[in-house]
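Same chain, two versions here, written out as structure tokens and called structure 1 and structure 2.
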Structure 1
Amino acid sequence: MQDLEKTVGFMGNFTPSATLAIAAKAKELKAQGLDVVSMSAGEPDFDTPQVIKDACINAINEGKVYYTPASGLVELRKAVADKFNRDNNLNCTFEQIVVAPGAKFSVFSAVAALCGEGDEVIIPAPFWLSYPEMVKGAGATPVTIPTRAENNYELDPAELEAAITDKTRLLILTTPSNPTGAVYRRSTLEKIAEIVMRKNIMVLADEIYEKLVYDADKPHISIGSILPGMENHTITVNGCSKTYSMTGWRIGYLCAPKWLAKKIIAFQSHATSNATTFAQWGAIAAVEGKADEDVAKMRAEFAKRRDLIYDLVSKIDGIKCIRPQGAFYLLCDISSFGMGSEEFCSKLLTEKQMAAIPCWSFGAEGNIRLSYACSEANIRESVKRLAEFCASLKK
């Protein structure tokens, strides 16, 4: 008799995403009545702006409840193209835009449409934990390049050049970064773009935290617009989850050269069909800028939280961190405590009921990630518990 449990396909060996698993575990413990504080998932605690909700509710009331094209509503694709042209200088048309159920799926579709068996994908570490899994899921091989805190966690262009082989198809670049909070400088992006074009590979620019940047001297810059011709080598991914506090709506989008957009649309037409129709109508209001005042308020709040958490955590004896410039994460080097990140986070949860993310799965063993997409009170209480825990380890 065959053992059915052993008959897994090439996507059957994934382990669950640690970010989602730990966030779920923290919620479960809370529901059991335990006094748990969490800085685990990267999920803004704000409500979705009303103008976006209204656009979605109106769509439902108007009977907009049917399939849309797999690539998304033309109205949304046009609004996204306008946004990419306005904010990111991508100079694109709506045929290059593909809407998906979440930016996570946009990244996966792009990787799956472009890379397969025998191909290599370069991923600077620390990285968002899903990238290597997606690359492996597509049958390709992830090649990681470590980056350093002293260098603002930016990929060193010379190290990129040295890692490129005939098999390299794609580089994944995240700015602002999850989990480091680093924002790439123009000079580094220019050097990377020059190498990408000369070596004739593609770059997937994950810009989902684009609007969450906090320092005037570190604006967000899109690599797809940085040198003439770079648009032919770039897939720019973005979405509604972080900017508009719409994590549960599941709306992501990308801009790719037309030849690749066509392949991605064909893939999505079999894998998912369209993202939820009325969520797309809500997303149009978001992308057209109708909630920009709310976005500015949320960003101001995140900036305050960034200052608070950096100030509090950098005082903890034994932890090292760099001041994040964007996104809503603080990467903390806990290697001085002489234990792995999994053990550290597991003990922190059991002993202090505080949930944080161990970063071994982010290519950054010896680090934990704190998400400050939560209230000031939650930040203060969580960091207090973390400090107590660290002090107990030093005894």
Structure 2
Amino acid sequence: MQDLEKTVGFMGNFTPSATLAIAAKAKELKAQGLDVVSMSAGEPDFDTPQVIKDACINAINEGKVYYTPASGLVELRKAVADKFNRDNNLNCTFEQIVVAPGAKFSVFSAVAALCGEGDEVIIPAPFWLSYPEMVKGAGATPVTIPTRAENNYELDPAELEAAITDKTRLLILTTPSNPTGAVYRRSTLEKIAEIVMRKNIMVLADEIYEKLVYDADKPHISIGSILPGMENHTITVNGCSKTYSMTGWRIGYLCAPKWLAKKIIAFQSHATSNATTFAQWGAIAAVEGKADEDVAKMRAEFAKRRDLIYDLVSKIDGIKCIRPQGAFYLLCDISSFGMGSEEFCSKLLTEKQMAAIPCWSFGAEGNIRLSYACSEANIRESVKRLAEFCASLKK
């Protein structure tokens, strides 16, 4: 008789998210009454702007609670197309927009609709830990290219070209980056775009942190707008979670060439139906710019926190980091302490009750990720404990 517990479906072999283990242990210690501080959360600590909540509440009160097309409300798709044209210089129409239950699913649906067995997907490292799992889930093979701190963790165009084969279908590019906080320079994007077009592959541009950039000389630039014709080689993914502090609302969206958008819509029609209807009405208020003042205040606060955490962590003996230009993460090289990132974070949590994310599953072993999506008081206390822990390792 077959052992059902040993059977594995096509997508039944995912590696669980490494961040969940640290989160679970932190909760366990808190439940024991210990004073746990955390810099692990990848979500803003601000409330969703009221104008967005009001739009959602009004939709519920008006009975807008039924199915929408699998691709999303036409009103939202038109608003997103306008946003992409206005903010990102992407020449697109609403037929190219697909709304999903979260940008994470937007990424997965694009990969699943485009890639399959025998295909290769290039992923610069460090990367968001879900990318390789999504690629493997689609039956394709992830090909990672290490990036370097001295190059701002930007993908080297020459290394990209050398990695492209006849099997390459897609490059996943994230700017601003999770976990490095790096924002790509225009010159780098232009070189990457030229290679992509010449080699006839696609780029998935994950731009979920686009509004969270802090330096005038490092603005966010959408690669799909960088060269004429590049829009035909680009899937631009974005959403409401980070910019508008709407992580639990689960609203993501993408722009893709029409031929690919049709495939993604077909996939979503069987996988999820539509994103939550009344949440989509709230998202319309967001992408139309009705919460822009709130976003500006959040961005200004994140910029202050960025400066604070970089200043504090840079002074810790044994840790190296670059000043992030976007998102809300600081990647810290802890390799000088002679232990892996998982062991480092486990001991840090046990001995100092401070939670950080080990980056072995981000393609960056020897590094940890700190999230400054938290209060100044939390940042100061967390870094104090981190410094004390590092000092103890040096004895």
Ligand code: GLU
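Numbers given to residues start at 1 and step along the sequence of structure 1. Only the largest set of C-alpha atoms that superpose within 1.5 Å between the two forms is called the rigid core. On a predicted model such as this, the values are computed, not experimentally measured, just so you know.
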> Of structures 1 and 2, which one represents the form predicted on its own?
Replying inline: 2
>> Quick check: L20 between structures 1 and 2 - does its CA shift reach 2 Å or more after fitting the rigid core?
In response: yes
